[in-house]
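Shown next as structure tokens: one chain only, the form predicted alone.
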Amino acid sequence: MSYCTATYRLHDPKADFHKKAESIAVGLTVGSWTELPQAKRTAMQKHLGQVLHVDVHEDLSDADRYADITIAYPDVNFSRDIPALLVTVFGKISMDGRIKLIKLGFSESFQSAFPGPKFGIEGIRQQLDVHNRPLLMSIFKSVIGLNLDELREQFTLQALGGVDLIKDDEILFENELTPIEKRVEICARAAEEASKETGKKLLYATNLTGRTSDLKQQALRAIDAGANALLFNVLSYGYDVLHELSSDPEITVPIAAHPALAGAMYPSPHYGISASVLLGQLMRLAGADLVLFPSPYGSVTMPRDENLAIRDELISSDLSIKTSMPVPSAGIHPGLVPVILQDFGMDVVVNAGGGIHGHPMGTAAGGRAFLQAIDAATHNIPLSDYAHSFPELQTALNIWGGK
């Protein structure tokens, strides 16, 4: 038989965790067991959940006592889609006390329904022709209320800074001032003009929004207008929508997954879904080429161990699909680049908003300061030494600090 697995962290000062594990395995599959006659048990055996591990942590105060419980769920119980899996393994039990879903395991049969990222890390690097360093992304700040001329001006300044990717703000929805087709057209032209000066290719991730039933057509209109990447607020729509978009052969550009709403689900140690499942395993399985998440360094922080757990899931060889590019975000400035590379290695996107736009020498200089920091860090040169030859980086270090 084929199984998917779920691991939970269950906090309880007095529970018999082994008994609780059995009740979860039965309750989320066949519903009851001991009351069934033997003939019925035989027929239902293939549907019964199995307790694989119960790891009890007793050397704690009663309030902190917990166990990590892993249960196997027969694939025969659910269809091969993420909503069905989540309802099976965590639907009802998510409301039953202090329990958190911290890990999923996918059977080969379940995985086979998911082609995964269309481009992944290597595909994005090929798109940009950048293979030997981290990538740099810039964010529109702000973007609401701008008209097309103002949007083009801000885009051009970012592009001239030499960034590899520019993304819309996730709160830029369809509007009369900058409808998606028009903003794609003007940004594509601006990117082409900037590339003549920088010599670099550029991906622009335009925000895909609107009613779920309209998303594919909006994506195709954007691609027809010249879009070469999409930004998508996955958690507000659902993983299955991302899966539909990413696996559609007509959608021929990378998709960047934004983590909006994730904070409602992962931060509590007692409830919800871990960041590594929410923003790691499921984003990659559903087909995100790039995944944004709060960094441990800046303004909207996530604990470092959770960040690295997301990274591990995005690049893990456990899944037989392409890897997804990690994009730690929020509050990033050039002085943090060596730390980002130390934690994430070369396969990471350095993502900045205020750290680029807030540079005293201007937005383009902000982009150059980041590229200088990336160049220094990839060659193990202290930023303070490298900055002697680069006023953009030196100015950034004077404001935000760094090594």
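Each residue number is its position in the shown sequence, starting from 1. Predicted model only: the values in this text are computed from it and were never measured.
Keep in mind that the form predicted in complex with another copy of the chain is not shown, yet the notes after this line are about it.
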Heavy atom within 4.5 Å of another copy of the chain in the predicted bound form, from candidates N77, S109, S195, Q127, belongs to N77
Go through L308, L148, A188, V87 and name the one with a heavy atom inside 4.5 Å of another copy of the chain in the predicted bound form. V87
Candidate stretches 129 to 137, 116 to 124, 203 to 211, 223 to 231 - the one whose heavy atoms come within 4.5 Å of another copy of the chain in the predicted bound form: 203 to 211
So in the predicted bound form, does I180 come within 4.5 Å of another copy of the chain, heavy atom to heavy atom? no
Just checking whether Q372 would be counted as a contact of another copy of the chain in the predicted bound form - the rule being heavy atoms within 4.5 angstroms. no
May I ask you to state whether L28 is within 4.5 Å of another copy of the chain in the predicted bound form, using heavy atom distances? yes
Though only this chain appears here, would P296 touch another copy of the chain in the predicted bound form if you measure heavy atom gaps against 4.5 Å? no
Checking a candidate spot here: are G238, P259 and Y266 all in contact with another copy of the chain in the predicted bound form (at least one heavy atom each within 4.5 Å)? yes
What residues in 82 to 98 sit within 4.5 Å of another copy of the chain in the predicted bound form, counting heavy atoms only? P83, A84, L86, V87, T88, F90, G91, K92, S94, M95, D96
